[in-house]
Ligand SMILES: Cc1cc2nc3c(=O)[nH]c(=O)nc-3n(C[C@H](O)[C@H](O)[C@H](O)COP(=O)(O)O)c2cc1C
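Let's start with one chain on its own, the form predicted alone, as C-alpha cells.
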C-alpha cells in the first residue's frame, strides 16, 4: 500500500500535526505493508498558479510552469492513501499548502460536472480508488467552528463525505513534555484509528476518543495564557518560574477536592521566589504575595523541578538525593496524580513508589 504524506506545515517535521500523522501511519504499518512517501511542502520550489488554463487547452494535463509541482502530481497519482497534514493557519490551511492545492488544476478536465449543485470539473484520471485523510491541529481549545473553511474546501475538491478527518484542538500541548501522559494517550487513539482505517474504517468508539477535549476549556486557556510568559495586566514579561507555576496550577482537578482547601507552597531556592497554589472546591488561586499558612511546602531549585516535570530526571530519585524537600502534609505528594495528574494511570506496585507526574515528579 502506497501512502503519501503531504506535510503542509511551515514547521515541517516539528509540526504538532505531524506527530498525529506519524501515529496514524504507525497504526497503518501495524496491520499492513506500506510504502510511505513524504512531501514537505515548505521545502518545495512552487510558483503560484497563473490561472492561464494552459493545462486544459494548450498542454492538456501538463502545467506550463517548470518547477517541482510535476513531481507532486506524479506522487498524488501513484498513491493509494493521501494524508493532508497541517496546522490551522488563520482558519484555513497554510499558504504554501493552499498554493499546492491550487496547482492541482492539471488533474481536472475543463468540462462542467452537470450533477453538481455548486459547479465543478471532472477528474482527468480515475481517482476513485484513492483514500484521503485530513489530519490537523489548532491552537484553540476546540475544533468546533474553527474548521468551517477547511471543511468546505476539502468537500469541494475531494467530495463531501469522501475523506476522513482527525482534527484536534489544543495542538500546542503536544510539544509540552510535562503533558505527555494525556497527549500520549491521544496519540495512542490516533494510532488505533490508523489500524482501523485500513480495514473497516474508524470505529465510533475510537472517534469518540478522538473528538474528546485534551483538557477542559478552562484548563487549556489558563495554560495557554500562562505559556506566553507575559503578565496579563501590564503586558510585561513575567518570571519564568511564575509562568511555570501558573501552568502547573491550571492542571488542578476540582473533582479531587478533599473537603478543605489545600495550600501548596512552591519555594524555588535558586531564584529566591515562592508562590502558593490554593486548591479550592471550585478552582484554584496562585499567589505571589499575601501568603497564608501552607498545607504542604516544597523547597526545590526551579531548575530541578523543571527537569523533573519534563521527565529528564526521576522525581523519586531526586527526593532520595535530597535535591528537593517536602514540609507539612505529605498526603498531597502521595496523591499528586489525583490533583494534577494526567489521564494515564501508572502501574506501580507500592504506594511509596507512586510516580507523581505532569508538572511534577516523573517516574523516569
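Numbering follows the first chain given and starts at 1. Worth saying up front: this structure is predicted, and the values here are computed from it rather than measured.
Keep in mind that the form predicted together with the named molecule is not shown, yet the notes after this line are about it.
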So in the predicted bound form, does any heavy atom of residue 86 sit within 4.5 Å of the named molecule? yes
Contact label in the predicted bound form: residue 17 to the named molecule, heavy atom within 4.5 Å: yes
Does at least one non-hydrogen atom of residue 172 fall within 4.5 angstroms of the named molecule in the predicted bound form? yes
In the predicted bound form, does residue 245 have a heavy atom within 4.5 Å of the named molecule? no
Considering non-hydrogen atoms and a 4.5 Å limit, which listed residue (157, 111, 291, 91) is close to the named molecule in the predicted bound form? 91
Just one of 100, 249, 190, 138 has a heavy atom within 4.5 angstroms of the named molecule in the predicted bound form, so which one? 138
Which one, 282 to 290, 159 to 167, 269 to 277, 138 to 146, holds residues whose non-hydrogen atoms are within 4.5 Å of the named molecule in the predicted bound form? 138 to 146
